[in-house]
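Just one chain is shown here, as structure tokens, and it is the form predicted on its own.
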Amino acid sequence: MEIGFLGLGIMGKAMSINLLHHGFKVTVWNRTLSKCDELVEHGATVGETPAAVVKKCKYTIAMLSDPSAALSVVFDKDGVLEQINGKGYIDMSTIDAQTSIKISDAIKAKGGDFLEAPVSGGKTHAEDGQLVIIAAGHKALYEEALPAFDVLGKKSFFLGAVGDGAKMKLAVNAVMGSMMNAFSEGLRLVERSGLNPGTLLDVLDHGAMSNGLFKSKGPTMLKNSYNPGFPLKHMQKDMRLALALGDENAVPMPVAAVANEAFEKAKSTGLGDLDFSAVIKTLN
């Protein structure tokens, strides 16, 4: 099975390497083509443009930073639309439903099939094939993509119409961003109270609030280490999109709104490229 892959950021790079290590033929593209060099060392070939990748591959996956990048790859000169007829396009970026629907409509109008499939999980999950894939759109394309999804993720969901996957992913990240802020406050509260923050991690892990987020991020936060598994600037983008979705559906989201303000503050003070757990630094 040959797959095209557009976007080699933290997630896209790890996902592409994972596919290569499991025997898939992968043709990659990135706006900065030099980022493809490492993938070539793992066995990938390089497409000079998104259109060239789509022309070569029956299925193409995109993993891009934001709605603007997702639209650009599809609609710009030498973009996906130029070669999509008879092909499948899978956008695994975290974007809003309106952007996903716009891309889907354009793909279908050109004779292609579209699936949105945003993922829950960070760099380590991508490296280990432990992502959660939240798909919606063309059901047959979803079924055809399952061999790749089974390598990339531990669980795949198919939710139905295009836009439903995007909405679910934004809801997930609204919860995660809010949790990270509450967790940060708890750590600082324990620390300033003269207690051991490591003990808080142990107490939480043995109680009703035990969860993977606290387990994975807590130890690195105690070490003041924020190598980006999921960059803070992307979390802030997702929180902003989730709040817009709340407005569309008349859902008050005061907790998420306050959390978003903390991420905005962190980004404005130069923390955007660090892991999203670096939001705790706004409490220094």
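Keep in mind that what you see is a predicted model, and the values were worked out from it rather than measured. Each residue number is its position in the shown sequence, starting from 1.
Omitted here: the form predicted together with a further copy of the same chain. The next part is about that form.
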*Find the only residue in 127, 185, 150, 78 having a heavy atom within 4.5 Å of a further copy of the same chain in the predicted bound form.*
185
_Check for me: heavy atom within 4.5 Å of a further copy of the same chain in the predicted bound form, for each of 190, 254 and 257, yes or no._
yes
*Heavy atoms, 4.5 Å, a further copy of the same chain in the predicted bound form: which of 85-93, 152-160, 67-75, 101-109 makes the cut? Say which one.*
152-160
*asked:* residue 232 versus a further copy of the same chain, in the predicted bound form: is there a non-hydrogen atom within 4.5 Å?
replied: no
*So, in the predicted bound form, is residue 249 in contact with a further copy of the same chain at a 4.5 angstroms heavy atom limit?*
yes
*Would residue 164 sit within 4.5 Å of a further copy of the same chain in the predicted bound form, counting heavy atoms only?*
yes
*Contact test in the predicted bound form: residue 273 vs a further copy of the same chain, heavy atoms, 4.5 Å*: no
*Go through 189-223 residue by residue and record those having a heavy atom within 4.5 Å of a further copy of the same chain in the predicted bound form; state none if no residue qualifies.*
189, 190, 192, 193, 195, 196, 199, 200, 202, 203, 204, 206, 207, 208, 209, 210, 211, 212, 213, 214
